[in-house]
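Below you'll find only one chain, the form predicted alone, shown as structure tokens.
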Amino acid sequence: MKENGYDYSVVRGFAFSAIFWLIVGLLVGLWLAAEMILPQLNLTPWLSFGRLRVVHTNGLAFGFALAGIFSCTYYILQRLTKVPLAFPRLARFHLWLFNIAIALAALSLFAGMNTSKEYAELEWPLDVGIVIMWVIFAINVFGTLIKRKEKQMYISLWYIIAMTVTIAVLYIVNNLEVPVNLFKSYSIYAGANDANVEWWYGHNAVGFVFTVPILAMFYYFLPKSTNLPIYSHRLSIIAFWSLVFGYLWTGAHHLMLTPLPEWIQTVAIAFSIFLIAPSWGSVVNGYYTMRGNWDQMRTNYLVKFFIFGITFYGLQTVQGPTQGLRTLTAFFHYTDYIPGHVHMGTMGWVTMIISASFYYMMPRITGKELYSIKLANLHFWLILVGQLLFTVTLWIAGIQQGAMWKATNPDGSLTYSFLEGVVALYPYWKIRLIGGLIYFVGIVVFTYNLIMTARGAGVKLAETRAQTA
């Protein structure tokens, strides 16, 4: 559909690509959760935990999240610049190249081709393809910005620019490698340097995939869906520049108590604590936007997604920096508390904001009202309950796990063996699987609702507005 010359075909294409990879990634995640309590499900090397885990993380981080980001970016970009995409055919090529790259990435990881670098596991031929894809995306972003008719740059555009530039630098620098053959390469870095560069990339990949573009969606779609102006544009700009400045220094908080120089660890801790302020700047901005209009939490189905989403972001941005403190790292690192922390961000913050953004966009790019608001509400409650069951269970499990690992007898020997620690976690892992299943059902409801909307099963927007006018 085209409106005022805007091209929404690629928006729709990336939206349904995101949903497809979300379903695939969650199915792999459920299999992984089941393997933790039923090890016999490791049927073949292709289904071993080590291979499935990277398929799960890459499929959701880059298959689902990036596709959702590309979809919303192409929508927001046209609306805020008041011009169509600069290169619509290039955008469609981007869509096809993206899905081919993700499919090949999943296949290679299933086959065991892996660089062993967190969030950067793909071998060099795929790295080259991803860089080409990102350049194509950047050309459209900056080409459209240059042509813009609206001179005022709303905060969402600043976040999009930050994502586009920073991810390119992060990905290229971290993935510099020497190819051995078509399927294997080795990093140009070694030892502590390799670890430092890797987590400079790894943590900032979280920052500039799971944070910055999701904030761009939040700042655009919350005011649009509530018909309320953002509380403070000045606060959003201050939070933006503080976040971008602070985030790039924090990666080493993943390397506390390692051979990395202590001063680098200390810098990472300091900037991690600093990041609480700009993160909560956006949280406060969202809350104050709703000031005097909290009744919309009941009457507007989209508001629940945005407000709970930004709340989980706020919790995440307190929990993460405090985990970087040496004392807490010594207790929590390598325990189930860490995946609990990560999944609150991905299942709560990221997925809720992308879901609400899709709910807002799909009727506007199809010309039909959402198929079912009741199903959207059901989707919300299922993913909320599923996510809380999942994450809170893992927090509790992690605390027990850390305590058991560090418990000692009067003679200094360990109170519990490693195996006893594993056995103690089985009840928590069962609850995690149940939470994941509830969450997955919510995503199936979401998928059905959007498919029915796209097929034109809803009432025409014009008819609905005429009836309510």
Partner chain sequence: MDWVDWAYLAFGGALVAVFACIVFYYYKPRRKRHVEEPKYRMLDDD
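Positions refer to the first chain, counted from 1. Computed from a predicted model, the values in this text were never measured in an experiment.
One more form of this protein should be noted, the form predicted together with its partner chain, which is absent from this view; the next part is about it.
When its partner chain is considered in the predicted complex, only one residue from 129, 314, 223, 363 comes within 4.5 Å through any heavy atom, namely 223. Checking 301, 249, 287, 280 against its partner chain in the predicted complex, a heavy atom within 4.5 Å turns up for just one residue: 249. Every residue of the trio 79, 231 and 237 has some heavy atom no more than 4.5 Å from its partner chain in the predicted complex. In summary, the region of this chain contacting its partner chain in the predicted complex, judged by heavy atoms within 4.5 Å and restricted to 93 to 101, 303 to 311, 144 to 152, 377 to 385, corresponds to 144 to 152. At a distance threshold of 4.5 angstroms between non-hydrogen atoms, residue 267 is in contact with its partner chain in the predicted complex. Shown alone here, residue 245 lies within 4.5 Å of its partner chain in the predicted complex, counting heavy atoms only. Mapping the unseen interface onto this chain, residue 134 falls outside it, with no heavy atom inside 4.5 Å of its partner chain in the predicted complex.
Under a 4.5 angstroms non-hydrogen atom cutoff, its partner chain in the predicted complex lacks residue 210 among its neighbouring residues.
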